[in-house]
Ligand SMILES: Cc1cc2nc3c(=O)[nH]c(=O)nc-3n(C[C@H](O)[C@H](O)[C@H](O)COP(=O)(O)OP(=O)(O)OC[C@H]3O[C@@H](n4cnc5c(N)ncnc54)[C@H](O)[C@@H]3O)c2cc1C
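Just the one chain here, the form predicted alone, laid out as structure tokens.
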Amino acid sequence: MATLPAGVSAADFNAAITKFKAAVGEKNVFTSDDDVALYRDAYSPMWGTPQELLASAAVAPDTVEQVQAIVRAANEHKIPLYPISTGKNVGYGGSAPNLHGSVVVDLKRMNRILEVDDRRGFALVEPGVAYFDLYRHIQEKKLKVWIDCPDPGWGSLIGNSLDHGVGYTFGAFRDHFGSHCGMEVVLPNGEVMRTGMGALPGAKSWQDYKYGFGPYVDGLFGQGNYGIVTKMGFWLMPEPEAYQSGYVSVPKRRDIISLVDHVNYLEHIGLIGQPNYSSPLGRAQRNEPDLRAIVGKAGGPSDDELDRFGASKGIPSWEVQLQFYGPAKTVAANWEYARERIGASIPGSTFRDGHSYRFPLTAEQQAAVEHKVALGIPAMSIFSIGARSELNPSPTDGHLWFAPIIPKTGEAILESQRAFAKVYQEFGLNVGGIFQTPATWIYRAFVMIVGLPVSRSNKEINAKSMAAFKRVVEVAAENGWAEYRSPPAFADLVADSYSYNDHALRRFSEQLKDAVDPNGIIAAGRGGIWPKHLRGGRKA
């Protein structure tokens, strides 16, 4: 028997299921225990406990009209729905709902690539279209555009964008929500709305100009719960002539401050794509017991101690990979300019060439590319980081992503390293640390992301990670940082930290929720936004 949503009677639930079957066909409504189990969060820290967030059923529409019928039936019987695209958002909740007992609306069958235009550089797709799907379409049609994709290519363009997901090329494209243009939404009352220029019947520029006329409402559907997105446009990157990567190393710990300033300039002026920072000194800990002793001492090491050790071994403190895209001559000139600019400013900086490519690549060349996503090629290799290896002989079953946003400065890197490392050490977690480098997917900020381990068999690991997650959220807020995404178990905690003026942002979001979704049927709890009847005794 399905776990019913709170406040929903068996009679109403069964009546809604009957109407879902009438709308999409019996074979596309899933109520058996085995079928519903497929929608569990594979990385849930509450796996197998009474607190685990589970679906009660799932329904898989194939058309916009079927989505409308589902929403209308849910309204009639007050059934909470939780829409997913492909349900691959692992580390942030997967396909499981925020509200226990919700019916998952699985949009994977809506997988049509509606249009790709390589002259104007856009695609229009449905929610079930994965990065692999669009990439193959572009390759088969020999179109001169690239996708920008996150690490696992199995996810949906729409789903990733709506959760503010990110990728690896130029900043204009790797912000996937920022690079979307126009959407179609089934609203909580069952009506269909198109945003931007799409509100004009027969619009010819729906995927060219995102704002249209009047208020820009698209942002309400990113990490929100005001409707179900059924179509979405995305701007695509023109295929460049060439690619070149180069590496810059700097010797001292506080050189990161000047290095970040220079790299920011190169990126913001448009000369490079995504930079990737790392710490050779941090990697050296594996083979340097003296360095481990310095790092592990009470109170942590001083910058001078780390600099002296690095100098004695010839190990740089920091390294950054720069990525150049464009005409071959321009790429070469930009790399030369970067070397001259940084070399003149940071004593002891060194440089080495990385990979170089000319496009289009052959199939053999594509297969040999190490970091495929940097070239717009979807892959699944990211999951190897959690696999069994010499360095990780007993891997856990997954992770919780803690993803705080910090300013895009070297000072913020150093400050956040020490603040978060202290918490991770207190909880005995081998994540983060004083050599942690930021994720650079976001164009104008850094993300000090870590994966806190979860296990299906070891509840102590889960308890430790959940406690640590709560504490680092608090520490982040105390320092003026906050998370940009969150697993469902912590959505309310993260929303609580956005507390300016007595949580004015959340109160405004809830007013909108009450107005457009008075029955609270769409993704209750998503983004920390709950319908009125589920807010309980919360005062803020």
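All values derive from a computational prediction rather than experimental measurement. Throughout, we count residues from 1 along the sequence that is shown.
This next part talks about the form predicted in complex with this ligand, which is not shown.
Practice problem: Identify whether this ligand in the model of the complex is within 4.5 Å of every residue in the set V250, G310 and W335, based on non-hydrogen atoms. | Solution: Answer is no for this spot.
Quiz item: Is there a heavy atom of D397 no more than 4.5 Å from a heavy atom of this ligand in the model of the complex?
Solution: Answer no; every heavy atom of D397 is more than 4.5 Å from this ligand in the model of the complex.
Self-check item: in the model of the complex, Y168 touching this ligand (heavy atom, 4.5 Å)
Solution: Y168 belongs to the contact set for this ligand.
Practice problem: Considering only heavy atoms, tell me if I382 and this ligand come within 4.5 Å of each other in the model of the complex. | Solution: Within the cut-off, so yes.
Quiz prompt | Touches this ligand in the model of the complex: T195 (any heavy atom, 4.5 Å) | solution = Judged by the heavy-atom cut-off of 4.5 Å, T195 is well away from this ligand in the model of the complex.
Quiz item: Out of 418-426, 196-204, 275-283, 398-406, where are the residues with a heavy atom within 4.5 Å of this ligand in the model of the complex?
Solution: Correct option: 398-406.
Quiz prompt | Of P80, P453, G410, P127, the one that lies within 4.5 Å of this ligand in the model of the complex (heavy atoms) | solution = Selected option: P127.
Quiz item: Can you pick the one in T86, T440, S465, S317 that has a heavy atom within 4.5 Å of this ligand in the model of the complex?
Solution: Selected option: T86.
Exercise. Note that this ligand is not shown here; using its position in the model of the complex, name the residues of 419-440 with a heavy atom within 4.5 Å of it, in sequence order.
Key: Not one residue comes within 4.5 Å of the partner.
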